[in-house]
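Just the one chain here, the form predicted on its own, laid out as structure tokens.
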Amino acid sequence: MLGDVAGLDVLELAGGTAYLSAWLDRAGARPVSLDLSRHQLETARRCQASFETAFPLLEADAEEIPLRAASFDLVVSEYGAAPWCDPRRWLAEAARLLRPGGRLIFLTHSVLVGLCVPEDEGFAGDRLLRSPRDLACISWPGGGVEHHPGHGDWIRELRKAGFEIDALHEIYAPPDAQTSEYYEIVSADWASRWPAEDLWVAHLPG
């Protein structure tokens, strides 16, 4: 999905330990990795020292980013922003920071995962446990709030932010996958039968 990133200015939202940005850096991009957690960024700095790489790490909220508009060619997020940030706010910020023609690529849980994962610990099952109307903002009993809009909601919010949608890829586990390769809420068997992840690709008009 990323294609050739050499020479591109890339912003990673909610990048955690910045391993994706490290890959982008090795591929010739100029990444900036943003995360709200100081502890995650401290780990990212230790990794940079260990692997002798260097790119900017920014402690900030993906809903309110202290960077200049139209500064990036590509904005990416592997889970971080989509589940834990308000889509109305972080999508608007991504659009503000992209140059005309810039791309947005982000990964999040599939809608079906949100419908089937139990409220307590455990894997998603084969029954719907909540209504699609309940997905927009889920407050988990153990704490934490996640955003899992339906596909129609994602389309509406992306368009409202100014994006044109290029693709939605519903991702299944490969046939030989092992459960340990996935998050604790989805087994490999489940993810080989139903899509576990949604990968969105969009761009700003040039």
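The model shown is predicted, which means the values in this text are computed figures rather than measured ones. Counting begins at 1, following the sequence as shown.
Keep in mind that the form predicted in complex with a small molecule is missing from the display, and what follows is about it.
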Exercise. So, in the predicted complex, is F123 in contact with the small molecule at a 4.5 angstroms heavy atom limit?
Worked result: no
For this session: Considering only heavy atoms, tell me if L36 and the small molecule come within 4.5 Å of each other in the predicted complex.
Result: yes
For this session: With heavy atoms only and a cut-off of 4.5 Å, decide whether Y19 touches the small molecule in the predicted complex.
Result: yes
For this session: May I ask you to check whether E170 falls inside a 4.5 Å heavy atom distance of the small molecule in the predicted complex?
Result: no
Problem set entry | Partner-facing stretch of 95 to 103, 131 to 139, 112 to 120, 82 to 90, counted where any non-hydrogen atom is within 4.5 angstroms of the small molecule in the predicted complex | 82 to 90
Exercise. If you check A177, L67, I155, A60 against the small molecule in the predicted complex, which one has a heavy atom within 4.5 Å?
Worked result: A60
